[in-house]
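Below, in structure tokens: the form predicted alone, a single chain.
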Amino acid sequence: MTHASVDVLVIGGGNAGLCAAIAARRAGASVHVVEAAPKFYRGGNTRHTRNMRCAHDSATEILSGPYTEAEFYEDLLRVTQGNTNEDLARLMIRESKDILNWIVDQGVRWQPSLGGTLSLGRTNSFFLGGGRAMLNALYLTAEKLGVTFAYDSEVVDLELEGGYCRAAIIKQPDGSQRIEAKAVVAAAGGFEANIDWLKEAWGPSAENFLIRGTPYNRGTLLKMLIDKGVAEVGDPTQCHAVAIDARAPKFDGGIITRLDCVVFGIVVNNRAERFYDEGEDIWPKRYAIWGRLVAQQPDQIAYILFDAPSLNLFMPSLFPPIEAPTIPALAEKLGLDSAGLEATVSAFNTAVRPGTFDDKVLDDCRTEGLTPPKSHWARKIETAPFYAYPVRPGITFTYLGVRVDGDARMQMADGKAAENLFAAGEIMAGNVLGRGYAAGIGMTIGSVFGRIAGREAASHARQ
């Protein structure tokens, strides 16, 4: 075993870890980042991201209007149904205003927002070139500042006692290494790629889940921290879970397998029955509930149905929709009961009340006398050809994590603050996200708490 020492050890090389590493290095600390993935797959789920939600007081070159702290907080309360730490949520939102510019100072570039179903032009900033370009910019900046990196490097043990971490044991292809650190920042993601752990929370149905992101987020560090006395926060069944194309790979399908067409049609389970209001709210505030909804259906499978007028209203999946000239023919292709699906579509069409269709607002196109209703964007499914996408739960990241304070410092199960342990990103997101999701918040949590964790870790190291 080889030995090394550093001021600040950052575990995890995604957005949160890089923001922490850069902040700590800019504060004068020596910084080493260990990343469990090989170099090509570095960056965890950040590789698959596109945007970040930040508060701002006025329109800019990349944002179409103001998004106040108060509105951001109201949106967060709505999607979490109040399951959030108010102090940390307000801290994140307040700090997000400055992150917009700080992230640019680290080499990241923004592009004008996308339109369409996303409806994010006012609230979210999009990375020019997507998540991998954003990652590469942060890595380049960190390397220029003198941050060092090790890939294929998984933390397998922490010398942790009473809230003080003396060293980490790192497993690498050519052996193991013991790294002493004055402060440690945990930014290694959740446990979404650990199917066995998901099954502990969800039961056997988790076998049918698809993992949208990296296969390397197995929760090894999270479990280690909790087992060694760090306080946990959140519910293991709560997560960012969207409906993704059922033909996607088991891991790493990313953004191109997500489907944004729910609001344009109806969603049925494999009994050919609708089970939820497809038009409940604007899509970015509801897209992350559909993974959980599908997970609760028989065999964890569902089908989004729509007709010809809706085909070009959304960004398509990597896979083409399944097409048929009639509803019974579509049912046959999907393996659904033809009479049942025809009855469901007929009942829906009968309940539709005409209005002025507008997918950018809560319009007046709705159903009447139908359970469940479709509150907005309800239009009859009657124009051939007819289309469908099969969908399964796509888990992005889990919300069970470590408890932190406003300095991103971990809290111990005995109620005391950890001495030199900090956390950022998915591994502590459950402090802010008790449930639910709104587009771009995950990246906000990573950047804001990453910068705080790095700054505070460097300050502790100097002392």
Partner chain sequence: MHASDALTEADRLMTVCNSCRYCEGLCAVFPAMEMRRSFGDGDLNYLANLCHACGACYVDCQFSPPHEFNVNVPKTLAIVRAESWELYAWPGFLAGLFRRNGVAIALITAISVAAFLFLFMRAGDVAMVIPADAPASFYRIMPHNVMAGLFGGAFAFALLALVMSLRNFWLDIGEPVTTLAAPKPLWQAIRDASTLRYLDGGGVGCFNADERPDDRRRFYHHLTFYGFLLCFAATSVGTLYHYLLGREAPYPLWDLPVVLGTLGGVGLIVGPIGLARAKRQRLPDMVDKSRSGMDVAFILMLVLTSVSGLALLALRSTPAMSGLLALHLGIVFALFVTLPYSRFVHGLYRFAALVRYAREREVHR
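Computed from a predicted model, the values in this text were never measured in an experiment. Between two forms, the rigid core is defined as the largest C-alpha subset superposing within 1.5 Å. Residue numbers count along the first chain shown, from 1.
Note that the form predicted in complex with its partner chain isn't included here; everything after this is about it.
Contact with its partner chain in the predicted complex, judged by any heavy atom within 4.5 Å, is made by just one of Pro284, Gly254, Gly279, Gly234: Gly254. When its partner chain is considered in the predicted complex, only one residue from Asn101, Thr356, Asn312, Thr350 comes within 4.5 Å through any heavy atom, namely Asn312. Shown alone here, Pro385 lies farther than 4.5 Å from its partner chain in the predicted complex, counting heavy atoms only. Taking the partner from elsewhere, Gly219 is found to have every heavy atom lying beyond 4.5 Å of its partner chain in the predicted complex. Of the heavy atoms in Lys144, some are within 4.5 Å of its partner chain in the predicted complex. Within this chain, Leu91 is remote from the site of its partner chain in the predicted complex, having no heavy atom within 4.5 Å. The candidate spot formed by Arg132, Arg258 and Pro316 lies fully in contact with its partner chain in the predicted complex, as each residue has a heavy atom within 4.5 Å of it. Residue heavy atoms within 4.5 Å of its partner chain in the predicted complex occur in exactly one stretch of 392 to 400, 48 to 56, 410 to 418, 429 to 437, and that stretch is 48 to 56.
Once you line up the core between the shown form and the other one, the Cα of Leu311 ends up 2 Å or more from where it was. For Leu225, a C-alpha deviation below 2 angstroms is recorded between the shown form and the other one after rigid-core alignment.
Annotation for Cys261: C-alpha shift of 2 angstroms or more between the shown form and the other one, rigid core superposed.
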